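Let's start with one chain on its own, the form predicted on its own, as structure tokens.
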Amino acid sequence: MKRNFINLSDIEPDALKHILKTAHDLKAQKYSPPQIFKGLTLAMMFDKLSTRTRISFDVAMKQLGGHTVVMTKGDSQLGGAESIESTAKVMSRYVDAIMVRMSNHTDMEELARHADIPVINGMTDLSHPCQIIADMMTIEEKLGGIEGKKIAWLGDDNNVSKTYEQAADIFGFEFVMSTPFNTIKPLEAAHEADVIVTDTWVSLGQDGKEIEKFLPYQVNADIMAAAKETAIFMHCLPIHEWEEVTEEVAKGPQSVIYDEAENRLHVQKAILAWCLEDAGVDI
């Protein structure tokens, strides 16, 4: 049965926890990666700029013995004269899986519906599941587990925060949001939190967005002091210096942003392995 990785809520919790365990296992083999993707090819499609998603999937596939084909918005017919259905059918004959980073979540779901091969959500305006699994991995590494932890989100309500909401029930953590769109104050949300998380207030395609209303939600020393002494700070990057977080926090001892970024690589490997089981991949 074809396995897509589109929405966390559509995947069995046990499967997500298995992916997480696999990511830890593959990270332990970072310098001697098993060649489980030998002869397989991943197509990567982008309609917006990407650093971490593009590099992590490219390196993940190649480190495990596979190949990649990269297409930006101007390199394919997707969203052009050819239908999404036709694109999906053609690509299914050429490659073994497709990773898509695109704005329109509905278009991605349509691509997955028509493709005969796995489709992986590299990010849409609605969700960012690969990032959240990497975050879960980082929390496990730093705090020993996820279940029962309090995670506080400060700033904008976006695709990453929406995916955190899905993950809360799956992994059993408390998720508290403090944004201009609800009544929970930043210090209240941060109180005794195990993890403080934020993201940029202005995402790709949102140039000109007013940021004044977000200023009270900046993660600073006072916010970190309200959390537990053992609390960690997370941010999926890139950071708008120094808007949503102060330099003191982002570069401080509680910040794990670069461990979090590295874990995208190991999580992408695990997601690919899970999706490609029908292609004979076995961990």
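Quick note: we count residues from 1 along the sequence shown, nothing fancier. No experiment lies behind these values; they were computed from the predicted model shown.
Just so you know, the form predicted together with a small molecule exists too; it's not on screen, but the next bit is about it.
The small molecule in the predicted complex: contacted by all of Arg52, Leu237 and Arg264, heavy atom 4.5 Å: Verified in the predicted complex; spot residues all in contact, yes.
Partner-proximal stretch of 43-51, 63-71, 248-256, 213-221 relative to the small molecule in the predicted complex, 4.5 angstroms, heavy atom: Among the candidates, contact is made by 43-51.
Partner contact for Gln131 in the predicted complex: the small molecule, 4.5 angstroms, heavy atom: Output for Gln131 is yes: heavy atoms within 4.5 Å of the small molecule.
In the predicted complex, Lys150 touching the small molecule (heavy atom, 4.5 Å): Although the small molecule is absent here, Lys150 would stay clear of it in the predicted complex, with no heavy atoms inside 4.5 Å.
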